[in-house]
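As structure tokens, one chain now follows by itself in the form predicted on its own.
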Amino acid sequence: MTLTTEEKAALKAPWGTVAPLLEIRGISKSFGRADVLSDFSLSVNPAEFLTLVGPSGCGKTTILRLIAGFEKPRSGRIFLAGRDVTDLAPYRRDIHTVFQSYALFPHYDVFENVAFSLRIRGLEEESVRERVAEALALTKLAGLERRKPDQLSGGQMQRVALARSLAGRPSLLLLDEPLGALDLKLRREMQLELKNIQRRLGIAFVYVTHDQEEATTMSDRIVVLNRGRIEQLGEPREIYEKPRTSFVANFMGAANVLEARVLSSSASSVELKIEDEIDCAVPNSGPASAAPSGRVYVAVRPERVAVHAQRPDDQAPGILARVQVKEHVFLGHSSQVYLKLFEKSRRPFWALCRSAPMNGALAPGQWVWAQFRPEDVLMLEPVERT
């Protein structure tokens, strides 16, 4: 399916002004006595690349299987283009799925693997050939029509699985960790190819991965899941730069999560005492500053932390802390410096340095200075007291 000119123009408006293509309304799902999803709702926009991320067991694949029709919800409804498809069989939903296992027929060549589902649906041979040729050209497989799966690389087999789904011209494509079996270099190449294909076709993709870098590379919006519920939903930059919880801050990139006490707050800034050691004023970036307990979690991204051998000049802007080096790991393009922030703190604290600090390695036990700006302190959720 390709979007009309009018539909493409409509998509230039904010997402909220476009009717959703897919709506999940109050879905609940259990396996035995274990509740996987409870009153779960989500919408997907036309031509959107939406990615579900989260740790193993958070419900990502279950959501995909419910959308596809491979699982039935205990309660709730699923709508596709305004039509209730909750009780429809998978083959009647105009939804295709690409799995991590390519599921190719080993005795069929590339052409026949892509053509198989079209022939099952009873398409005329001329239409089958037209659609297969279009899908193979789109996935850069033209010229490989007569190769068998055992003559293909991992990336080529993944493209065949994708071409097979695209040939059916679905209105929605589900992808369950399709790049998980590929090596890192090929995985990154396929990320860009998938995104380019999605843009050119204007098909909505719902993509499942546990790889946060993959999610930020490809997505229009990201859904961060934890224990069957949405921790945060937003654009990649928003999720990374404005995480709402310590879980999101840690899962979407690394973060130094610290506990702080709110001393006072205004509409623009919050006075904090971080880990009962550092007094600082940071921008008021959320409702956490009004925590009833007076204690909140804050986060600082490792790439925002600078490491100095000597204490910077008193006029240097930023928050300073004297820290002890626990480990210094050279990564080639950068270095990771693991630090002990406070003597009594049990939380790890680390910095990501684009070049080796002080032109050399830091020895474990060495005392140095860590520095970060107040505007780089992210306000997260209140600390719950039990």
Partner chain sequence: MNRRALGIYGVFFYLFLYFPLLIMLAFSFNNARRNVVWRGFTFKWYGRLFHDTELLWALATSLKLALAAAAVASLLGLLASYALARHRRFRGRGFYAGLFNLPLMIPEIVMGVGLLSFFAKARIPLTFWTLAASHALIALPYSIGTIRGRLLLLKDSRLEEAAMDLGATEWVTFLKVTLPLAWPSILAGALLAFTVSFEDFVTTFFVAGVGVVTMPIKIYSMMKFGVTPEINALAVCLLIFAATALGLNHLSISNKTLDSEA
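Residue numbers count along the first chain shown, from 1. In this text, rigid core is short for the largest set of C-alphas that superpose within 1.5 Å between two forms. Just so we're clear, the structure is a prediction, and the values are computed from it rather than from any experiment.
Note that the form predicted together with its partner chain isn't included here; everything after this is about it.
Contact with its partner chain in the predicted bound form, defined as a heavy atom within 4.5 Å, is made by all three of Ala103, Ile120 and Arg164.
The partner is absent here, but in the predicted bound form a heavy atom of Ile95, alone among Ile222, Ile95, Leu272, Val248, sits within 4.5 Å of its partner chain. The contact residue chosen from His107, Arg199, Arg311, Lys185 relative to its partner chain in the predicted bound form is His107, the criterion being a non-hydrogen atom within 4.5 angstroms. Under a 4.5 angstroms non-hydrogen atom cutoff, its partner chain in the predicted bound form lacks Glu125 among its neighbouring residues. Although the partner is absent here, Pro90 is a contact residue: one of its heavy atoms lies within 4.5 angstroms of its partner chain in the predicted bound form. Taking the partner from the other structure, its partner chain in the predicted bound form has no heavy atom within 4.5 Å of any heavy atom of Phe79. In the predicted bound form, its partner chain sits within 4.5 Å of a heavy atom belonging to Met157.
The partner is not drawn, yet in the predicted bound form one stretch among 294-302, 213-221, 188-196, 143-151 has residues with heavy atoms inside 4.5 Å of its partner chain: 143-151. Taking the rigid core as fixed, one finds a CA shift for His107 of 2 Å or more between the shown form and the other one. When the rigid core is held fixed, the Cα atom of Leu184 travels less than 2 angstroms between the shown form and the other one. The Cα shift for Ile120 between the shown form and the other one, taken after rigid core superposition, is 2 angstroms or larger.
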